[in-house]
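Two forms of a single protein chain come next, each set out by itself as structure tokens; they are called structure 1 and structure 2.
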Structure 1
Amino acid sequence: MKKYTPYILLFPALALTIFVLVYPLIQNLINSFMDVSLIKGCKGWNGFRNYFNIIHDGVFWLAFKNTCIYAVLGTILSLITGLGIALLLNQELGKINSVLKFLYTIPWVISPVVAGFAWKWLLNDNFGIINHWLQSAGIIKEGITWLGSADTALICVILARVWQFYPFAMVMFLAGLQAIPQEQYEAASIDGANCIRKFFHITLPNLGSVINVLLLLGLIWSFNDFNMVFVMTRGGPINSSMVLPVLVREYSFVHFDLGKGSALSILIFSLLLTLSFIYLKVISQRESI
């Protein structure tokens, strides 16, 4: 009986996982091959028609492009910002160091919905603080419609994403910096290496594993990010900031085509699963060399 005790104790967690994750995924996969509408109900099996309709939808390709830009650019800028602040906080600054660590981690603990609404107010063209500062400085004469313009909407949500994700990267980089043996820097100083050489030949190589993890997590989380974009722009204007998670909602609950929305969510899941597998495979091969 004792050998079955661990499995009995794990069963509630396993059952909850199956109910919350596995069952919805399977049901979503089934719906993607059916003609399902929230208004007309289920009309039956339609094979791969939902997938064909998505591929031939121009909005899908626009959302795919925007999602790639949002994920890649947002992740890279977050890592650069997080690394820069981590290098600063790694210095001996006394008590102010603890205060700065607390202030810099605030964006990470704020709910994405709350953060989205905050940025929406900051970027408001009539009474937003960003336009007020720019007008006070004489840079602009009238308020800019940051979220209402097709040229700036995607850029604004990317900046908001960077603001929210960089604290996580900062904490990870700071932990990695503190794990680097100081003897390496001392030996480099004896050899006459300057700060730039130390950074590229000691700091970055030692942070390689941290960078790999952050890249993978950042791309996955950004690719799946729904809250920030939906709260700030809802994919507008004219789909200029439309991303795939928001498009799933548009298909399912605006056009009431649940089958098409399910098919798109399966495509997103398959794409991320494939990219994650390839990425981890490449990284493991590099580390084994």
Structure 2
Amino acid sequence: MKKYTPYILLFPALALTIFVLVYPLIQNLINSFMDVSLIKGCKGWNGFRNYFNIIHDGVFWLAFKNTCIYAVLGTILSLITGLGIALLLNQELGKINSVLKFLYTIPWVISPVVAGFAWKWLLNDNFGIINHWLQSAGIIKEGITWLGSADTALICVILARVWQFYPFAMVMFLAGLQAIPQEQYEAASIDGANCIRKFFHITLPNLGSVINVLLLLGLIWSFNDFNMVFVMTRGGPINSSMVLPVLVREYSFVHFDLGKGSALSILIFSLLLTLSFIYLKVISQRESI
């Protein structure tokens, strides 16, 4: 084999990655120190002005808070739901099991855009089925504008996110559960342990590394997630459900301030880079590359 063969094989992949992923990242960093407008073009350097403007923008801090709530709450709830359902599906159900597994995975297989659309329609204040049920059960008198009021919008989007994301956790947990040696349970049974003790002393410790990976991936992906919020609320009403990725679009393509948008995306990137390095550490502990 010639010395440069691997580089030839890698060339197309590397070229695309550099052109579409690495170069924009560097250009983004440059943009963030410049006064660039989508309409007026580039007007030269302006130092840390963009970052300064962002830090003094109340919407940024609101979006930052919302993104953290969305990522943390969304991920933890998805993990709990996913683990619960994985435990249910891990029993012996016979042939029907694979059908059930498929059905439980549907929310994750369909596009997040469809998921957001379906939830938006379900939560519609006049014609949605949720308000109708709550009204007929006598819990509420008037229909609630779930996505139209600042108190409930973010929570509803998080619920939709959990609905859409839990199957990923479920699939990973199922794989993890099947890898637990059966002998451990048998030994525990002989020692007279009940279900709850078995869960906390055998199941959970064995799933430790799966949980780590899922937490990090979930946090990273949720932190980046643009779709659910954009489709359901566009960050509204009055920015009450605004998250950082949606705010980048807002700065750059609604207010036409590409410099400010770039500065914000650099901030998001640095946060995510930190998370990604932790992820890398966690998986390289599991298995050397």
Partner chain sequence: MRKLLLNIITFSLILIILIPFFWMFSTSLKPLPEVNKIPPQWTCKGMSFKSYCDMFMYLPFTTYAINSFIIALSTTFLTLLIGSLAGFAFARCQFKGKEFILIVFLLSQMLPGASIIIPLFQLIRKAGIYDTPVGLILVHTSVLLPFVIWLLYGFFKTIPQEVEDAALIDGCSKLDVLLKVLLPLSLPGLGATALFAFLGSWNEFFFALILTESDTSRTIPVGIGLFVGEYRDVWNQMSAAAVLFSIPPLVLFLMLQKTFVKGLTAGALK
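Computed from a predicted model, the values in this text were never measured in an experiment. Counting starts at 1 with the first residue of structure 1 and goes up one by one along its sequence. In this text, the rigid core denotes the largest set of C-alpha atoms whose superposition between the two forms falls within 1.5 Å.
**Report entry** Of structures 1 and 2, the one that is the form predicted on its own
**Finding:** The form predicted on its own is shown as structure 1.
Is I266 among the residues whose Cα moves by 2 Å or more between structures 1 and 2 after superposition of the rigid core? No: I266 shifts by under 2 Å between structures 1 and 2.
F11: with the rigid core matched between structures 1 and 2, does its Cα shift 2 Å or more?
Shift of 2 Å or more: no.
- Message: With both forms fitted on the core, check whether the Cα of V22 differs by 2 Å or more between structures 1 and 2.
- Response: No, because once the rigid core is superposed, the C-alpha of V22 moves less than 2 Å between structures 1 and 2.
Notebook entry, point to check: Can you give the CA shift of S276 between structures 1 and 2, in Å, with the two forms fit on their core?
Noted result: S276 C-alpha displacement between structures 1 and 2, core-aligned: 3.4 Å.
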